[in-house]
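Have a look below at one chain only, the form predicted alone, in structure tokens format.
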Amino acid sequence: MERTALITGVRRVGRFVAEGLLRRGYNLAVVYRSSEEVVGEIRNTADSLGRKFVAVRADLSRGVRYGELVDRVVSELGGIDAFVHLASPYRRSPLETLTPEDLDYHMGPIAEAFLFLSLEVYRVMLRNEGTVKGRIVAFGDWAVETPYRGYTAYFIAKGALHTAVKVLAKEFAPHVLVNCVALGPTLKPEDLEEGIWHRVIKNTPLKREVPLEDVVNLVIFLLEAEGITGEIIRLDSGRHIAGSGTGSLV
């Protein structure tokens, strides 16, 4: 039986998740803002595997018509079995210079889009057969409970996302499962110095980045399990047990 996944945010980690889902047998819809080259590479993977693929360009930070977006996916791919939300800006916003625009910049794609896309996807998933009719996976952050300094708006938005996962898990039960991967250091942020990144990795108990294979495998597990919902699973090379040190990124 064919399965279809909708995924937001494919520029970095999302690309590997998308390709992992294609290899697992999913048809795929991706929502992207500006990553045309990456989307083209994912499309090539889909074509080589004989999977159906659709790309929807949308800026999740600005007035998206979530229902229309989901309806387009359904019209082209026939339904939705899984929703994986990775869309997440990550920009410094020190508390002393914080603006409403900083909060909007993060809250829209991270939390608002997750909430309203999930509501639309849930409506579609209820048409599916079986007791478990669909699964939703969000990507949070290991440091929501012990945030480091300088990223105020980002962590407030991720905290809202974590709360939304728990709320929706209860509201969508028993037919749709909702869980979260609280990711730790996996791919170096493009604007982060190499030396700082090495110090971040050194501060993890495992002294290594989270393997992308682990990320893909955990997502696939959560998209196929039947007995887990409302969980926020930290995948962070043990970073959370090391604490936040001086309270900064490093």
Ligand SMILES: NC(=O)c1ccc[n+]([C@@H]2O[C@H](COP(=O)([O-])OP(=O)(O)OC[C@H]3O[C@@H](n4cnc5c(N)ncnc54)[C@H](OP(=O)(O)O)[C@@H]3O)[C@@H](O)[C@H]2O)c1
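Numbers for residues come from their place in the sequence shown, where the first is 1. All figures in this text were calculated on a predicted structure; none of them were measured in a lab.
Below: the form predicted in complex with the ligand, not depicted.
Checking L187, A55, A225, I196 for any heavy atom within 4.5 Å of the ligand in the predicted bound form turns up a single hit: L187.
Comment: the ligand is not present in this chain, but in the predicted bound form one of V70, V219, L60, L28 has a heavy atom within 4.5 Å of it, namely L60.
The ligand in the predicted bound form comes within 4.5 Å of no heavy atom belonging to S48. None of the heavy atoms of L21 is located within 4.5 Å of the ligand in the predicted bound form. Though the partner is left out of this view, G134 does not reach within 4.5 Å of the ligand in the predicted bound form, counting heavy atoms only. By the criterion of a heavy atom within 4.5 Å, S35 is counted among the residues contacting the ligand in the predicted bound form.
With the partner left out here, the ligand still marks one of 80-88, 169-177, 119-127, 94-102 in the predicted bound form; by a 4.5 Å heavy atom cut-off that stretch is 80-88.
Although the ligand is not shown here, in the predicted bound form the stretch 125-164 places heavy atoms of F139, G140, D141, Y154, K158 within 4.5 Å of it, in sequence order.
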